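For this one, two forms of the same chain are given in structure tokens, first as structure 1 and then as structure 2.
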Structure 1
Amino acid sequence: MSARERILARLSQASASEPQPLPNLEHWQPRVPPAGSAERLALFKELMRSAHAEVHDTDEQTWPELLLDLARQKNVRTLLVGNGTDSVARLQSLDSETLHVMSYQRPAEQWRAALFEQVDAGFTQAKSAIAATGSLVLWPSSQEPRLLSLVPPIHFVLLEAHALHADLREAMRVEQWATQMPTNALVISGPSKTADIQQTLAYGAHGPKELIVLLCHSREVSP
């Protein structure tokens, strides 16, 4: 009998061990205000801003105009958006002489130079957010590829205020990640940054220098 066969035989003869109890995470979980409360929203915004992100309160009617105004302030001329979503359709219908809304419709290899050199900002929608860490959750797709949030120097994100979870575990449970998790899920906690160069913190080394969150409230809920 070979060494491999002996090992496999030993494994097949071993009795199944008793399942170990799950660890008690209660003492390790941060205390987060209740869902839907102004305190949870305030915590999320505080942590996002502490990571050098911008957060602007808006609603489902006025967020496109807010984005247009912010784009003017930041001298954004070209905004790269995805395909086929209602939010993108609203942006593409904006009547603006200062902002060109460009749809992501080609493989990156076909327009690499323009993608890296001519696009001022990208726009994506967040699937949800995490209050305990001040983070956004994005699920890139064929409609909104990963490069939308990675290449442009400014990243605009539309987030529905009701999709604010206490922590990542709650987000995974509520959104049923176990049965429908994408190949690439992103958790973003501010603009791109690194301290690899002489231990000096620098923004935009591996992605956007600015992260701008449009926190969209329903008409029934005040910011």
Structure 2
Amino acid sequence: MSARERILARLSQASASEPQPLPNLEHWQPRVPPAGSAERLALFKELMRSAHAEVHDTDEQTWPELLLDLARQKNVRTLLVGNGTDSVARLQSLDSETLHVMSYQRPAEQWRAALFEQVDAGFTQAKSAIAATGSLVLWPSSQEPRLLSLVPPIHFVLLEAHALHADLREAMRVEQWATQMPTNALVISGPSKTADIQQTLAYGAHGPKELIVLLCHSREVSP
């Protein structure tokens, strides 16, 4: 018998416990303001900010300029973006002497050193967000690879303001995670941090030191 068979055999031989019903999570309702309300958005922003992220309101027309401004303020010289999306195209059109917009197009191992050492900031879109915990949902893809949101010291994220779920479970249900999981899904709730030294919070442990959310309001509700 293999280890697998022996382990499974031991488990199967164990006396059955009292039957356990599949837990019903229906009654577990997150305590967050209703969908679409200004309060829900405010909660999200507050939580993100308290986790040391920046949140900037913007809209469909102006967010690339806002990003450019912020990047300049933060002395970003190389901005890494994905490939093949509209947002990427718009950002690439802003490529200049002072801000190099670089597209992630080759497998990481072919340019790992440069990725780790020469990029100042990365840009991704968020699939959605979560109000209860102040979190962003990212589904990396071939157009927006996984390391875009991890290796560069600054992470810019574009988020549509309407894509704000109450909690993680709702996000999973509405977006049908269980049937269409990508290779990697991420829920990000702030910049990288640690409290491993004397419980003192420090940011930028291994991942981005700064997380900057561009909260994109559609025209009608834009402030």
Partner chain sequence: MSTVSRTVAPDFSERSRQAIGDEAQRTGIRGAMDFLQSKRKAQFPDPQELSDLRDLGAAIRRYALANLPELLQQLEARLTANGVQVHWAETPEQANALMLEIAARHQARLMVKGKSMVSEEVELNHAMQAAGIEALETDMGEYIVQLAGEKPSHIIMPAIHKTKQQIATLFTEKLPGVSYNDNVDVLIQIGREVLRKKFAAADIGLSGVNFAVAETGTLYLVENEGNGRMCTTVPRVHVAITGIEKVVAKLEHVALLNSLLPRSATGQAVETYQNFINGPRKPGELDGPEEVHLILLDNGRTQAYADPQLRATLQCIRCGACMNHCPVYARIGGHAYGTTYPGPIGAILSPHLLGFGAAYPLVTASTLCGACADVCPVRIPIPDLLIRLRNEAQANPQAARKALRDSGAKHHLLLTLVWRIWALLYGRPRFYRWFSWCASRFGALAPRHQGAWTHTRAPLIPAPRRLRDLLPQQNRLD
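Please note that residue numbering is based on structure 1, beginning with 1 at the start of its sequence. Rigid core: the largest C-alpha set superposing within 1.5 Å between the two forms. Computed from a prediction, not measured in an experiment: that's the story for all the values here.
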Requested in this report: Choose between structure 1 and structure 2: indicate the form predicted alone.
Outcome: 1
Report summary line: Cα of residue 6, core superposed, displaced between structure 1 and structure 2 by (Å) 12.7
